[in-house]
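In the block that follows, a single chain appears as structure tokens, in the form predicted alone.
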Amino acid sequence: MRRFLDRHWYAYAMVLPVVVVIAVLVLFPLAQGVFFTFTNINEGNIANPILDRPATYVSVGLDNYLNILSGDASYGAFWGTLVRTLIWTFGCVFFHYTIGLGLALLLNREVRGRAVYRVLLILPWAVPAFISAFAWKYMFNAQYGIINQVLRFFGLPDPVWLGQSDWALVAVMIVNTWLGVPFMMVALLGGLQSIPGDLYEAAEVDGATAWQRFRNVTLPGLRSVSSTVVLLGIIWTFNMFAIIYLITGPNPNTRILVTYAFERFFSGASRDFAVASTYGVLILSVLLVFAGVYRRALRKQGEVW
């Protein structure tokens, strides 16, 4: 061990600042949040040095977890919110991947102006999320938005997109899909360009159709890239807060786990830090379980990840 440290001490010295920063910015708040889940801490009983008020919150054991997991509506109707979160997550990631793969296949061909198309398709990724959110919010305006104006022009129904209905969830899924497709497209385009052209030539010589080449050459060649970007997409979308909150605000029809945690932490007569922290721990637990199951499934398929 001493020989190992003598040889590689500089590597640990280089990594140490990053470890310290992560510990201060991530691990300490995480540990504090886990501690809060076992208390009844809120705005009324937390310590306030300005008012010279000591902390008066007490330990409540597992009550917060039991109340939330029981599905009590006063605690956010956890299971219903979880189902909506899963619909939001897997719906968005499905369209991210399918549309991104389709565009990547088109851009992987020799077409005139390919570089221009790539730049234009990456623009949604380059624009800050809050600017895109406000632009789409105006376009989804029931009275003045361009989307409803186009629908009315063709004699189609013009719903109230951002009202208290399921159309609000459809609207934010459309926006998030528009924002997420460029990343998926770029990642899959890189994967397509790493597939040897000899495989396609051999398949074509063997008389394989375009669909057979796609199914037996392209998809297996993209498996390692796809597994990574799909997992990242699920984690990012599961925790996507900005798009939903900036477009619809605290709307029960678009409420997912992370937005409800924000509502409990920052709104209400007495901000409930304990319940918000419990939601945060549950969100982390769900993602860890999913990542573990996903990794095991990939390893069974022969993927090293």
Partner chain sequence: MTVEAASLKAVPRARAPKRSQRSLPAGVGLHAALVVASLIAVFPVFWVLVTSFKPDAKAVETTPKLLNDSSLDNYGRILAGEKGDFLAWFGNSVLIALMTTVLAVFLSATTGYAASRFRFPGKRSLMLSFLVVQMFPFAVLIVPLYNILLALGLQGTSLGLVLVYCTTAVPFCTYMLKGYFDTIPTDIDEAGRVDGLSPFGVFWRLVLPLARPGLAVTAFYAFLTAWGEVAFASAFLSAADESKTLAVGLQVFVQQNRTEWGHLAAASILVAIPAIVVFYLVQRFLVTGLSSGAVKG
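Numbering follows the first chain given and starts at 1. Quick caveat: nothing in here was measured; it's all calculated off a predicted structure.
From this point on, the text means the form predicted together with the partner chain, which you will not see here.
A.B. asks: Hey, in the predicted bound form, is A203 touching the partner chain, heavy atoms inside 4.5 Å?
C.D. replies: So A203 does not count as contacting the partner chain.
A.B. asks: Although the partner chain is absent from this view, report whether I87 comes within 4.5 Å of it in the predicted bound form, heavy atoms only.
C.D. replies: Judged by the heavy-atom cut-off of 4.5 Å, I87 is well away from the partner chain in the predicted bound form.
A.B. asks: Determine whether any heavy atom of I131 comes within 4.5 Å of a heavy atom of the partner chain in the predicted bound form, and answer yes or no.
C.D. replies: Although the partner chain is absent here, I131 would touch it in the predicted bound form, with heavy atoms inside 4.5 Å.
A.B. asks: So in the predicted bound form, does any heavy atom of P220 sit within 4.5 Å of the partner chain?
C.D. replies: Because no heavy atom of P220 falls inside 4.5 Å of the partner chain in the predicted bound form, the answer is no.
A.B. asks: So which stretch, 89 to 97, 145 to 153, 165 to 173, 69 to 77, is the one near the partner chain in the predicted bound form (non-hydrogen atoms, 4.5 Å)?
C.D. replies: Comparing against the partner chain in the predicted bound form, the contact stretch is 145 to 153.
A.B. asks: Let me know the one among A208, I195, V230, V160 whose heavy atoms come within 4.5 Å of the partner chain in the predicted bound form, would you?
C.D. replies: By the 4.5 Å heavy-atom cutoff, the listed residue in contact is I195.
A.B. asks: Which pick from V26, L51, V58, L62 sits with a heavy atom within 4.5 Å of the partner chain in the predicted bound form?
C.D. replies: Contact residue from the list: V26.
A.B. asks: What residues, if any, in 113 to 145 have a non-hydrogen atom within 4.5 angstroms of the partner chain in the predicted bound form?
C.D. replies: Contacting residues: R114, Y117, R118, V119, L120, L121, I122, L123, P124, W125, A126, V127, P128, F130, I131, F134, A135, W136, K137, Y138, M139, Q143, Y144.
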